[in-house]
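Coming up is one lone chain in structure tokens, specifically the form predicted alone.
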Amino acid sequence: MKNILTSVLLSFFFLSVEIHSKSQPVGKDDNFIVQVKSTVQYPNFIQPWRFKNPETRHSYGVVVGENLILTTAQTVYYQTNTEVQKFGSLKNYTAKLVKIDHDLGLALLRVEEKEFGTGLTPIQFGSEIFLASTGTVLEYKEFRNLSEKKIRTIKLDVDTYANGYIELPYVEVQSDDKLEGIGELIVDEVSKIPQGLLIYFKDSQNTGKMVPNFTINQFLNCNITKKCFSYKGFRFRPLTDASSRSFYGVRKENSGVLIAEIYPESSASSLLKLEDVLLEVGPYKIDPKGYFEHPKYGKILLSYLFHSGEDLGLGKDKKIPLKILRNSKIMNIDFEMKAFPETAVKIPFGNTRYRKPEYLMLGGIVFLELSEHYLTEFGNQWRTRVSKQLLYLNDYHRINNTGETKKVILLSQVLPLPGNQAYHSLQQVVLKKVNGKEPKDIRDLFQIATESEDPFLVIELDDGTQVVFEKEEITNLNKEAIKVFHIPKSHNLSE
């Protein structure tokens, strides 16, 4: 799949975003909150040549620099137009996307019109979080209608949110007021120091998640062309029962967790092995459930040390000393952090990461790469409606554990034409081989199909079915399908 942000990011390649990290108190009279409205048009993952009906997304934005606005990523995914309205003005200003982080769920926008900044006061996020305290949520919905609501910060922990791949810090919050979780700014009630942005809130439980200020700063200050957060590159399993700990040679004075999965091309792929026991990260001991004791925030999941441990001298672009147990022997290694290896994902899942689905049509038969986004197109009950094989692959084979950069290619559907009548019943079947070759992705399939000198194209499917066409027949059927079903072209693969 091609990331359709490429052209956007290239246009900002030389942009330098200067954000100061020293936080200052904010007041109700300061003008720094804006409304963001985007018209978005999501792609159709079943019929990638089509788009869904346009929708309008609303969120709050916070001014963080000269004509720079911080908002939620979900607001601008697949946006065709984004407008910003500032407090005290009826004018809508066009905003362009500067950068986005799919795992954090935040985006940075820029308004080109210089007059937009008049009367606005950029705020600065610091690094101090006040837990178990009361905060104020600042928002406005209408012209000259700024409101404040009460919120309580409970604890800091680590989890994946925004349906991303990387576990990042969040602050659990509670409020008796009705909140939306669309980028509202939260400030400490006493000091008026900005604490973070509310990115999720569930009214039925009165709880939500706030992106903390130090994580926001990491996003704002990272290079536009690079990823903002590193990834540990492994998944672990708790070692809480005595028999398992004894089996792996873990002594009473030690604790630790078991390395259960390693992502290829990641930080861990050349240093760790399956069934290593991770005992310590830097000076911090890991308990059997995977937590360590933060000197300020208490027990936090170990991922914090790898993904966001800058306050402890760890994290991005650092070498982290690890103590591990391998074959009952203690080893010390230096762990060099890397970004999340996107090539390790065999079946994309979670949020779409702004990807555009790709397809290839051969003889009126549509092939595409399997993703969870394709499966969820079948509605709320998609797990009962899709092929059990695809469900199994999505649940247990999302990652290329072998180190290959391979995707699952799917025969999605057959566009019914007289010339492919023998195959009308085929749908949701995994592709195995084409002319004896195993394509690694949809582009490789295109190359095999177009460059083969064989007069026939023999497509072998995972269920044992063979689809056979003459090459000239494929061209004619594609032309007929394009005309009958109003499809722009036989593929959307860029050159």
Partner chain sequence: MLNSNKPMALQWRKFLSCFTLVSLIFSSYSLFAETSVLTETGMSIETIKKAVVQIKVYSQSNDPYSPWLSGNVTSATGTGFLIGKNRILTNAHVVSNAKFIEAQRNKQTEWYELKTVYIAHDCDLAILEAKSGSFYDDSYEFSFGDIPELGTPIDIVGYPIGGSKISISRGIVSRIEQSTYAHSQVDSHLVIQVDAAINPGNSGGPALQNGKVVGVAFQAATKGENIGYIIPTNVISHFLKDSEDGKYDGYVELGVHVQSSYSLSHRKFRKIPDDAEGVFITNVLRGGAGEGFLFPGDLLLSIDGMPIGKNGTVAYNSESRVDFIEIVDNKFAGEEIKFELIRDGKRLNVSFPAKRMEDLDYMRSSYDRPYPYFIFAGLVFQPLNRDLLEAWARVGQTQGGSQFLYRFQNFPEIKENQKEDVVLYRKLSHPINSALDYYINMTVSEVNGKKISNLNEMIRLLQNSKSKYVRISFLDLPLPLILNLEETLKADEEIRQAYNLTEINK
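Numbering follows the first chain given and starts at 1. Being a predicted model, the structure only gives us computed values, none of them experimental.
One more form of this protein, predicted in complex with its partner chain, exists but is not displayed; see below.
Note on the partner interface in the predicted bound form: the residue among 389, 92, 343, 328 having a heavy atom within 4.5 angstroms of its partner chain is 389. Put simply, of 268, 199, 258, 109 only one has a heavy atom within 4.5 Å of its partner chain in the predicted bound form, and it is 258. The candidate spot formed by 237, 275 and 469 is fully in contact with its partner chain in the predicted bound form: every one of the three has a heavy atom within 4.5 Å.
Stretch-level contact analysis of 172-180, 109-117, 154-162, 389-397 against its partner chain in the predicted bound form, using heavy atoms and a 4.5 Å limit, identifies 389-397.
In the predicted bound form, its partner chain lies farther than 4.5 Å from every heavy atom of residue 51. Under a 4.5 angstroms non-hydrogen atom cutoff, its partner chain in the predicted bound form lacks residue 299 among its neighbouring residues. Residue 96 falls outside the set of residues with a heavy atom inside 4.5 Å of its partner chain in the predicted bound form.
Within 4.5 Å of some heavy atom of its partner chain in the predicted bound form lies at least one heavy atom of residue 423. Contact residues in stretch 440-475 (any heavy atom within 4.5 Å of its partner chain, taken in the predicted bound form) are 456, 458, 463, 464, 465, 466, 468, 469, 470, 473.
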